[in-house]
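Single chain ahead, written as structure tokens, the form predicted alone.
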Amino acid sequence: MLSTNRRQFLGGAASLAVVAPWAKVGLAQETQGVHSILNDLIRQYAAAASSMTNPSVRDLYEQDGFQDYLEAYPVGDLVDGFVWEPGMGAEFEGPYSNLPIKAPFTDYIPLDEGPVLDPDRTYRIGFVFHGFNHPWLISLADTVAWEAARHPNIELEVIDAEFDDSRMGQVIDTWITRQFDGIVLWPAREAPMGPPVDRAIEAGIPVVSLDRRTSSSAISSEVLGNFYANGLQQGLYLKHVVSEGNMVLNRKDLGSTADSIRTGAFLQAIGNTDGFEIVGNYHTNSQRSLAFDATADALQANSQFDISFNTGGEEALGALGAIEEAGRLNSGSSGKIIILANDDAKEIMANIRSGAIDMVAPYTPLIGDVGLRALIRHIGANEGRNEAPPRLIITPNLPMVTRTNMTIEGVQTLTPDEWLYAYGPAVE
């Protein structure tokens, strides 16, 4: 039986079906094109950030030092000229969630199924993260475990540090002592995880981070998603549908990459639209209940509440719950409170179909397989078998999802039915 904070999954132990990855769906929009379009827009809005005309937006942007975070966040091309199209990817049942998954990037940094590197050796790899009870994070663990299962000589140990940075550091130190071959981690915050990663690297153990960054300058690789494109697209959508309104921000934990980049990019996108006023700014730390409470407080404090910006899906669902409970969903100045979301949970998609949530910028958790394949390449490089992958591994920018197809500053949106990669339990 698997405990709540520690689960083991041995490579090759599960039977996971893989389907043909090259089918196209919906509009068959090539996301390599979207990747480039969004990178160009990111550069355009970053250049305009120094001359923001909206004082409410500018004050928060400067107060929280978003410029420093955004300047340091990499925006670039995909590894080896990879081209991703909607419909690509493998389908399987999540080893931990037991939910159906279609992972979008299983052909990125590809690795053939079967034994890796030295077939006569077992490679011990640790994956430490936070949140078996969080739908986004358990989906991340599912993809790491799926990739491990494809290679019978990989033994994967998975530990949930339960949002305790000190515990995560202790786990890494234990694996260093046990001389593991490699480590993959999902760090909640950057600064605390730099020293443990440095200690692993100094011991000759390659380390790959997923999604969020650490403060280590020696880390082997970082698999980074499209935080910048997320926040930017929330701003682009908002400007496309309205030009003014009072807004409340539900943000992730202060100092996290997800908060710094998404919120900063959103503010860059709307910073020169003078009609927006920030009337509430909360850190709700990826918790639906905290976002509910913060939004309820903001509804009481503001007779006019027009826009709910959320840095994650759980925040958006909490905000929606508070707005609906207060009977205020259709009270915005544009006829409805506009709810902006990140993360593409199936529950979010259901609310976009119904019109309760207006848009989502997908940020897929289904990237753990990319990190594990990169780590295997690093182990192989240490053994002189192959070249190491790049330090920065950027995953494709993904287009926003809206109830109906729209074209917004050159970005063609997809509908929920065209987006095949939603994660989490199905919602009617």
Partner chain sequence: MSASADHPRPRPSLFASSLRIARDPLVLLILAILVLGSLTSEYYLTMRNLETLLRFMAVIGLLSLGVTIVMLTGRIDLSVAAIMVFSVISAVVFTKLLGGWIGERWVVRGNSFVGPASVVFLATLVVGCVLGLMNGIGIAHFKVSSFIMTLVTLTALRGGNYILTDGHPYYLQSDAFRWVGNADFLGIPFSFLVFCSVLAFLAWLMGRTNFGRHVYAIGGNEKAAIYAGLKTNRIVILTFMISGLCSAVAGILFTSRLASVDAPLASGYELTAIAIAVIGGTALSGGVGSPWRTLLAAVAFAAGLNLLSIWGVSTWYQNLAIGLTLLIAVGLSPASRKRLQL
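Numbering follows the first chain given and starts at 1. Since we're looking at a predicted model, the values are computed, not measured.
If you look for the form predicted in complex with the partner chain, you will not find it shown, but the lines that follow are about it.
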Segment that reaches the partner chain in the predicted bound form - one of 83-91, 108-116, 325-333, 198-206, heavy atoms within 4.5 Å: 198-206
I159 within 4.5 Å of the partner chain in the predicted bound form, heavy atoms: yes
Contact flag, L254 vs the partner chain in the predicted bound form, heavy atom cut 4.5 Å: yes
Proximity of Y282 to the partner chain in the predicted bound form, heavy atoms at 4.5 Å: no
Touches the partner chain in the predicted bound form: A301 (any heavy atom, 4.5 Å): no
Selected contact from E155, D306, E190, D181, since only one has a non-hydrogen atom within 4.5 angstroms of the partner chain in the predicted bound form: E190
One residue of N272, S215, S243, T122 in contact with the partner chain, assessed in the predicted bound form (non-hydrogen atom, 4.5 angstroms): S215
Contacts with the partner chain in the predicted bound form - residues in 166-186 whose heavy atoms fall within 4.5 Å: S166, R167, Q170, D173, T174, I176, T177, R178, Q179
